[in-house]
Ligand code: CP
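Next comes just one chain, in structure tokens: the form predicted alone.
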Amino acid sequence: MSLHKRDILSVKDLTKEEIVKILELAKWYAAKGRTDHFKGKVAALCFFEPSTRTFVSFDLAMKYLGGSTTGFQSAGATSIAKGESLQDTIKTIDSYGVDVIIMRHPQIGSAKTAADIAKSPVVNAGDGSNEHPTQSLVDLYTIQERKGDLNNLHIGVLGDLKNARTVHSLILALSHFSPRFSFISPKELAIDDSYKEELKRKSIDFREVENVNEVIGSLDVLYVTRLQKERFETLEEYEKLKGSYNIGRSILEGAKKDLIILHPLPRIDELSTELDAVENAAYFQQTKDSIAVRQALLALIFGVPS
């Protein structure tokens, strides 16, 4: 198995064995702390959309292992604001000889466009409402750490399942581990048929409900997402669905004692802060875990010995 100099644009670019290897190496990095493994390596963080967790964790993943970063956090900070094309921006970044380009962009397929141009490997840090593969690796790592095993879990996925790229990547990643899914959302925000067809093809059981209380009693994991306001065609459409769900401590009354609650963050009003102090809450652990997971992925792309 080798990820050396490979593009990671989708969870589909990774086999089950490669995912397991990344998670194993992430555990090693989490325990090891800081090293000089990335000394002399440079990552270009090309974020055409805002980011807190993904940008900072990739930045620290490089720096904690002796590497360095360059880049930007908004399209407005680049010549895109002057009318430059994405293609010319990527050609420019690639010409500087960076070791990896980590890119977030609002357009579906933008990471593939960059990968087709660049000689450097490209990692998709979110392309519109399509995918966010490295977030799914973080999610799997946190689930494994909290549950002890990824196999045969009942996963509830609640929120904007239509537009949330983290959900799309999570479904694809977990499909390797014999899950059972409950998709919880208003009908307007239901998961796209293409993902349901993929699950049917793999003989993975799933159901769709609008009320989390219908399934909460059997869930091992509840994965919550916000309404993706920036993906809605109109503000009126967003306002109509805003507040469709809010998860608070009362959700635990009918849940398994060892239920874990995940959220890729940021949250708006769908997940109450009253849950932050309970043992079931694992979303800030996701944030903490993200550095080691991204270190592991980058180490395999760089071909760095561990």
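One-based numbering along the sequence shown. Since this is a predicted model, take the numbers as computed values, not measurements.
Just so it is clear, the following notes concern the form predicted in complex with the ligand, a form of the same protein that is not shown.
- From the list 179-187, 149-157, 131-139, 77-85, the contact stretch for the ligand in the model of the complex under a 4.5 Å heavy atom rule is 131-139.
- Leu265 is the sole member of Leu60, Val42, Ala281, Leu265 with a non-hydrogen atom within 4.5 Å of the ligand in the model of the complex.
- Contact annotation: of the candidates Arg53, Lys256, Lys27, Lys240, the single residue with a non-hydrogen atom within 4.5 angstroms of the ligand in the model of the complex is Arg53.
- In the model of the complex, at least one heavy atom of Arg104 sits within 4.5 Å of the ligand.
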